[in-house]
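Quick setup: one chain, the form predicted on its own, written in structure tokens, and binding and motion questions come after.
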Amino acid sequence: MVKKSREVSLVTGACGFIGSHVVEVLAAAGHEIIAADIEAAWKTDSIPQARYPSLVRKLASRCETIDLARPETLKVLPAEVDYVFHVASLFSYSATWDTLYRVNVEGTRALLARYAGSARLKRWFQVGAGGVYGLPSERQNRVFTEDMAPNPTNDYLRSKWEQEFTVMEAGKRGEIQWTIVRPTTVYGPRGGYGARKLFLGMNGMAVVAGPANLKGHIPFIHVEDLARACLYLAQHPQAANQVFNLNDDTDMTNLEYMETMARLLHVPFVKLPPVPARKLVDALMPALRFQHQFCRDVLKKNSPIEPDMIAYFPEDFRYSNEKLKKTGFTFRYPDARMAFPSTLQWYRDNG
């Protein structure tokens, strides 16, 4: 009897928050994993930077150092794989457009060139960003569906949309079959930039307080469900050359989130009188953008407050996941409340 060879999957950004979970899911499914990441990511585990090379080294068959900003480094990658899970991106609201474009767009184009026309490649799987649709307040239909035209509001999201477009264009040329996912707020164990701020922002407060009219919704997807969906959709024939929102069934407003976190942190929650949140944010935005640019361009460091993140605060984000559900995919954590306690405990256990 001839032993069937294992499917080979390349994972970029393998040591990171999302990438390490994708590696775990692929390993559990019996894939041979080629893990690729930048040199700094392979040095040591770092919770603040959400890098976990020790975990990845245990599960991957081969670990390679690449840099999307330096296309010549991609030559170390095998020429033939069954799947490419392109997770790696520069995720930063503080980086310059030139840097974001070089890594997220030109780097993706260089990686695509390595596998364009491969007879073995079954699917190029691209991890995008749910924010590419823009702000709900700028739409007539407030529920984001995959057939809506992207309207990114900042440089990071513009780079993610151009990254998607680069993948789609390669598909039109017949070079690859692709699937793109647009995750919303990704949370769970090992979370870093973005997710960590969301979970630890209230840590240490004696009282959590929020205005009564803070009724905008927060979209969520657990990182394990994200990773499971990556493999599921990559192997699903009807997901070829399709875009999917990755968003669970959580129906939670900002106010409900603050109240939930107060309970988990065992501190009082106080509901404050309504405030004109949109007007306040709009009024503060010029000053926030000035201090952001001053920190980045003069002090050469990231601003502690990022205007593009603050701009989301008064918005009501709702995403349809019907397209994903119609493929037969089911969530392990359909409501984020199920996994908030274990996520918070992970942060506590890991300092």
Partner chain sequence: MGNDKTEVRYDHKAMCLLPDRILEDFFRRGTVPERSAIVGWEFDGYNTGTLAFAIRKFRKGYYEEPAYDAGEFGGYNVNIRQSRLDQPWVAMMKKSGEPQRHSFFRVYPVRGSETDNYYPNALLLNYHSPKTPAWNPASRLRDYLVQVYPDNPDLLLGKAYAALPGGKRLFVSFFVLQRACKGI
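None of these values were measured; they are calculated from a predicted model. Residue numbers count along the first chain shown, from 1.
One more form of this protein should be noted, the form predicted in complex with its partner chain, which is absent from this view; the next part is about it.
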item: Three-residue site Ser92, Leu112 and Arg173 fully in contact with its partner chain in the predicted complex at 4.5 Å by heavy atom; value: no
item: Interface membership of Glu162, its partner chain in the predicted complex, 4.5 Å heavy atom rule; value: no
item: Partner contact for Ser320 in the predicted complex: its partner chain, 4.5 angstroms, heavy atom; value: yes
item: Contact label in the predicted complex: Thr185 to its partner chain, heavy atom within 4.5 Å; value: no
item: Close approach of Glu259 to its partner chain in the predicted complex, 4.5 Å, heavy atom; value: yes
item: Partner-proximal stretch of 114 to 122, 84 to 92, 264 to 272, 188 to 196 relative to its partner chain in the predicted complex, 4.5 angstroms, heavy atom; value: 264 to 272
item: Candidate from Glu72, Asp251, Glu138, Asp147 lying within 4.5 Å of its partner chain in the predicted complex - any heavy atom; value: Asp251
